[in-house]
Each structure stands twice: as structure tokens, then as C-alpha cells.
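Below you will find one chain, with nothing else, as C-alpha cells; this is the form predicted alone, and questions on how it binds or moves follow later.
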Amino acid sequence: MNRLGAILDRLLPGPRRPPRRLLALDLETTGFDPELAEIIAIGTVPIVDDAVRIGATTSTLVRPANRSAVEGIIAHHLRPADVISAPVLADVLPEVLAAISGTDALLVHHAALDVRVLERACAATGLQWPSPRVVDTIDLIERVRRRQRATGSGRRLPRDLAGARDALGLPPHQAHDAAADAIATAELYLALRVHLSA
């Protein structure tokens, strides 16, 4: 096992073998409460052997079950008409779950929201949550922050996606777009790995 693989083996939770196939996923939702938020967009991009497969990016809008939630989507640069004509969650979720099941780990930024919303979505649609190994970039950011505190080095790495990317020298991205945020999360993950291996 190479040096980076050995470091990852220590850093990532779960089974000892570091993931080689990850699925970066981002949800756009109607709110930030994981017990109430509905999914209005899902974006994914695979990472295979440390390469972000941009050509395999997926993105779909989702029509929320609660019609009143449609009005609260302005932050996502969507119009109510965009999601009213979108497919319902039950039509979209099986393909997303199949993609999650086909990887070594699910990669998200802020698992406490996205994973819980997905678990609730599965329960609401009668589908089985595959209980994947989850890698959260916020957890990796916290590891960097602990190292910074211990060594007294540098400005504290921000926890938000855009701020962490900027601090690590990654370019700005189009926030509040599920596909763009999934790609941004994948790039941040790779940058954090390099940072943690230094």
C-alpha cells in the first residue's frame, strides 16, 4: 500500500480498506431541518481511483410533495415552475440508491443533513436505505482544524464548502446547484486528502 493509502486507512472511518470508488452527492432541499426538509434537486459525481469523473455527473430536479415548499426555492436559483414539472422522489430515488450501492463510500459535505434527508426519503417511498459507508468532508475539515490548533499554524479552515475550498486554493463554484456542489465536494475531498497527507 502506498503512503497516501496508508494515511487514508488511518483517517477514514469504517473498514480498513480505503475507498477507491466514491460517489459525491449533494442535495438541494427546501430547508435546513433534516426532519422536515424535502429534496428538490440531487447531484452526483463519481470519484474512481482519485479521479473525479466529471463526464459521469448526474443531476435531477425533484418535485416536493408539499406544494407550499415550492415557493421557498429561490436560493437555489430555481423557479417554482422548474420543480412543479420535475419527477417525484419515488421516480428518482431508486437510481440514486443504486449508484450509492455501487460504490465503496458515499461522499457528502454535511452528512447530518444530507444523509438524514435521504434516510427519511427512503422511509417515505418504501425503499431500503443501503447504509453506505459515509465520508463527510466536514469530518476531514475538523481533522485539519485539530492539526492547526495543535501546531498553532495558519488560519482556521472554514467549515462551509465555499470557504474551505477558497482556503485550500480551489476555484469558486456555482453554489446551490446540486451537480456543481457535488463536484465541488469531490474536489474538496481530494484537496483535504493531500493536505492531511502533508
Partner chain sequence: MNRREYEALGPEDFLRSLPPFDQLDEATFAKALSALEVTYVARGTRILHRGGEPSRYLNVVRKGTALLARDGLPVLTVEAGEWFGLSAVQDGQRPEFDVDALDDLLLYRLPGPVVRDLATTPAFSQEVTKGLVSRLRATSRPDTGQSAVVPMAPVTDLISRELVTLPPGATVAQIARTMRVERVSSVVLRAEPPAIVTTSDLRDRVLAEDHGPTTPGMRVASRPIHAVDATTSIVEARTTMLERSMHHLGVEREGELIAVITTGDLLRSDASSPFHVQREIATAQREAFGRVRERLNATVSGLLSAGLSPLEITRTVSMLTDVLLRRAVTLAIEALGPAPSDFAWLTLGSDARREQTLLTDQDHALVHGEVDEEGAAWFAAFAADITEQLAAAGLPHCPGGVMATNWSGTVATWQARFEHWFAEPDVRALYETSIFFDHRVVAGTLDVSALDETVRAHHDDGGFLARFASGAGVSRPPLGLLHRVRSTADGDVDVKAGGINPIVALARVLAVEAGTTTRATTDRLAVAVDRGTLGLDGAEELTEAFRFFQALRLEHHLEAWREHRELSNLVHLDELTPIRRRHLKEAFVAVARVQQSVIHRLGGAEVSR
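Numbering follows the first chain given and starts at 1. Because the structure is a prediction, the values reported are computed rather than measured.
The form predicted in complex with the partner chain exists for this protein as well; it is not shown, and the discussion that follows is about that form.
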Segment that reaches the partner chain in the model of the complex - one of 145 to 153, 30 to 38, 46 to 54, 130 to 138, heavy atoms within 4.5 Å: 46 to 54
Three-residue site L107, H110 and V117 fully in contact with the partner chain in the model of the complex at 4.5 Å by heavy atom: no
A178, heavy atom within 4.5 angstroms of the partner chain in the model of the complex: no
A162: touches the partner chain in the model of the complex, heavy atom cutoff 4.5 angstroms: no
Close approach of L22 to the partner chain in the model of the complex, 4.5 Å, heavy atom: no
In the model of the complex, H173 touching the partner chain (heavy atom, 4.5 Å): yes
The partner chain in the model of the complex - contacting residues of 173 to 196, heavy atom within 4.5 Å: H173, Q174, I183, E187, L190, A191, V194
